[in-house]
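We begin with a single chain expressed as structure tokens, specifically the form predicted on its own.
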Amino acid sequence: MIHVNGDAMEWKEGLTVREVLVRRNFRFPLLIITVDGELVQPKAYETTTIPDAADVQVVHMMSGG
């Protein structure tokens, strides 16, 4: 089990950041993602795996004026 923005989510071996985004329907183009407090760069979403019991934070960045 992992937690995404405080909500429990089922974990599986090899779970990637990209899979979490798809499963949780995060589609906003500007996201800041951390796994256990470590920033994950967008180019690493496909290859960064999430360990069991991890804390994942996904923050939508807003812009405008």
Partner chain sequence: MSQFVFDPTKVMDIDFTQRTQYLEGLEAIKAAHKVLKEIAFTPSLPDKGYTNRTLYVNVGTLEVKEKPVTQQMKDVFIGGRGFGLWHLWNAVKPTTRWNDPENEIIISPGPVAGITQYAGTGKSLVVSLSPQTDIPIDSNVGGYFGPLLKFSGFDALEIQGKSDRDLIVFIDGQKGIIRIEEAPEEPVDSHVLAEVLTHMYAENEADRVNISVVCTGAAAEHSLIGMLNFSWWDLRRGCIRLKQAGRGGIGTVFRNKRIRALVCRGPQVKGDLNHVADYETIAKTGVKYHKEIRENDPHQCMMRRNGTAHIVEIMDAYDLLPTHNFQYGSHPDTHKIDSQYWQSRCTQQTVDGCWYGCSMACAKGADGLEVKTGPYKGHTVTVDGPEYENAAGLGSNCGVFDPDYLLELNFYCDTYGICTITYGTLTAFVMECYQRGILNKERTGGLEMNWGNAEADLEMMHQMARGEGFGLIAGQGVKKMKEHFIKHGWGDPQLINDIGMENKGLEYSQYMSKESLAQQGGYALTNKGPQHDEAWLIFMDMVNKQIPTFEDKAEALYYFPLFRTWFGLNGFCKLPWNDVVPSDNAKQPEAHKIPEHVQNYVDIFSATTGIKIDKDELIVQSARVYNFQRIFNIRMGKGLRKDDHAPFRALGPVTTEEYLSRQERYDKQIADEMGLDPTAMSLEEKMAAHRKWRQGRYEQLTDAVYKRRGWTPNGVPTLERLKELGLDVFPEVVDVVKLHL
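Residue numbers count along the first chain shown, from 1. Every value quoted in this text rests on a predicted model; they were computed, and no experiment measured them.
In what follows, reference is made to the form predicted in complex with the partner chain, a form of this protein that is not presented.
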Close approach of residue 57 to the partner chain in the model of the complex, 4.5 Å, heavy atom: yes
Decide whether residue 23 counts as a contact residue for the partner chain in the model of the complex under a heavy atom distance cut-off of 4.5 Å. no
Would residue 47 count as touching the partner chain in the model of the complex under a 4.5 Å heavy atom rule? no
Is residue 1 close enough to the partner chain in the model of the complex to count, meaning some heavy atom within 4.5 Å? no
May I ask you to list the residues of 4-37 that have any heavy atom within 4.5 angstroms of the partner chain in the model of the complex, in sequence order? 5, 7, 18, 25, 26, 27, 28, 29, 30, 32
